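As a starting point, one isolated chain is supplied in structure tokens, in the form predicted alone.
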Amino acid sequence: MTSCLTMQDRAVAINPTRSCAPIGAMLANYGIHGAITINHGSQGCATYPRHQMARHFREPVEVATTSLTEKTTVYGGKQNLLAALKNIWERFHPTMIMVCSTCLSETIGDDIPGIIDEFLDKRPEVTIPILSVKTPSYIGNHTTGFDNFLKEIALNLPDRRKKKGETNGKINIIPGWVNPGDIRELKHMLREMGLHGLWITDYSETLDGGYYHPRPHFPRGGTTVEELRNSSKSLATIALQRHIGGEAAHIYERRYNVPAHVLTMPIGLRNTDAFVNTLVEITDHTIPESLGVERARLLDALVDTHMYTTGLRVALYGDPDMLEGLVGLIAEMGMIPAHILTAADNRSWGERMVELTEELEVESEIILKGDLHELHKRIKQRPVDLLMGHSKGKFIAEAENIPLVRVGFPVEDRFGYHRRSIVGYNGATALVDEITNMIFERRATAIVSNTLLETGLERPTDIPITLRNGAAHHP
């Protein structure tokens, strides 16, 4: 079987699948307790990410903005950023401030690190870290912003002074762009193994917390700045996404001598096995029976559902790391990932996906720098049975009458998806159930003795019933 790699050649995007870069850095920063983001740009550069995140996570999302205008666009936004830093420090007393650049501030050439240094020189009482992250949206997308933030964390926060052989006994875990439910599932797996993770970063509570009265000054949860400073003493760093956090893990290895393990996102049996085996390799811990039971349950779900899913064609779209993990699960279900589309312009990822699909013996078309219009065209040419991606694909699902399994970001037309997990054995089992049930709902009218009766075929009530007197009853 031969897969192919293509790239959308249109100059314009129609129904794009990407979000802007600052939203990625904002999301990661929400995983640090007491940290606040300042978007150095116009008000819309803060409003759009806030609305996108609030619709997905169903939580109020706060972000400051320097509110650049026509005047500052011409003369520079230095004074606005100095005022924003002063106000944020005096009013909120955060544990950390992260300043995101935007398309506007990058284009006018504001020296954000220099402005931060000037602020700190004038305010020696400010001892918290203030980081600057480059997030212009014309370079990369939301995953780029997330990754750039992680690299800044790895370069600036960990304590470089440690004694030879000194460790904190923890493992740095970089989950990448996942949902709060995913982080909780990963924490569950480490707890079962008796391990302690240091999460870079952890927004499982800050973006999915409870209702508290009185409201805390900052959302509960999140990795503390002190923990991040201590992360240079960890046993190892595991990045669970290659393109979000992979480079940060290597920075830990180069600068702090913390071994790096960069894995595929642990979706499905094989990818989750790789994560568990890496934990065993680092710590020499044994795999507990409880995780073995969860693995067996996933295997059983794959066996139970294979008769309904084998041979079905699937179109997937979203972020590169999530797609790589999903393709593994789709292949384990016997399905064919016919179209795999991402908005990222990442040829090395595309070539890796070609190798992966050929190794899995499935024939796929991998489309780089694509949008949903392009995906719809491909589905028209080569129809599929199932669509997987975020909520923006629902119009394709409705037009082609195919089920849409919602994964990724944003899922804004359903409630509670951010609490669910697709990683680990439990997450994969839940996803297998959802995929199979979606197929049942759209393609079948009934299940009789494990036989899928498709729409348009004979239904149980259409079968003549022979009465005792020999007459046939036709319902």
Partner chain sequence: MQFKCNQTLPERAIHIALKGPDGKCQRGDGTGCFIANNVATTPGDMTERGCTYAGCRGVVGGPVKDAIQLTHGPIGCAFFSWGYRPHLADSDFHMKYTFVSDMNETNIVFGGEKKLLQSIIEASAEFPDAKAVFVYNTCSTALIGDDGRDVAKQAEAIIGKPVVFFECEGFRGVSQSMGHHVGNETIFRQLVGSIEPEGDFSRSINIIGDYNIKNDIRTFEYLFEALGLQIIARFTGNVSVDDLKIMHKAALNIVHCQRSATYIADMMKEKYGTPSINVTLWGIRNMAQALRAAAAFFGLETRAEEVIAHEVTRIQPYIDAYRQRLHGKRVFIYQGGPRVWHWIELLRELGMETETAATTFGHTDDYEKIFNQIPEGALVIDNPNVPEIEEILNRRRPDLFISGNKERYLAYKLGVPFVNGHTYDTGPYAGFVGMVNFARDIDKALHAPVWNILHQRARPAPATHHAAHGFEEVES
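Positions refer to the first chain, counted from 1. Not measured: the values here are computed from a predicted model.
Keep in mind the form predicted together with the partner chain is missing from the figure; the text below concerns it.
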Item to check | Residue stretch of 225-233, 263-271, 102-110, 288-296 approaching the partner chain in the predicted bound form, non-hydrogen atom distance within 4.5 Å | outcome: 102-110
Next on the checklist: in the predicted bound form, is there a heavy atom of the partner chain that lies within 4.5 Å of any heavy atom of residue 49, even though the partner is absent here?
Outcome noted: yes
Checklist entry - Quick one: is residue 137 in contact with the partner chain in the predicted bound form, heavy atoms, 4.5 Å cut-off? => result yes
Checklist entry - Wondering, does residue 213 line up within 4.5 Å of the partner chain in the predicted bound form on heavy atoms? => result yes
Next on the checklist: With a cut-off of 4.5 Å between heavy atoms, is residue 59 one of the residues that contacts the partner chain in the predicted bound form?
Outcome noted: yes
Next on the checklist: At 4.5 Å by heavy atoms, is each residue in 158, 352 and 429 next to the partner chain in the predicted bound form?
Outcome noted: no
Next on the checklist: Under a 4.5 angstroms heavy atom criterion, identify the one residue in 255, 347, 162, 86 near the partner chain in the predicted bound form.
Outcome noted: 86
Item to check | Option touching the partner chain, based on a heavy atom within 4.5 Å in the predicted bound form, out of 407, 423, 36, 435 | outcome: 36
Item to check | Members of 51-80 lying within 4.5 angstroms of the partner chain, judged by heavy atom, in the predicted bound form | outcome: 51, 52, 54, 55, 58, 59, 60, 62, 63, 64, 65, 66, 67, 68, 69, 70, 73, 80
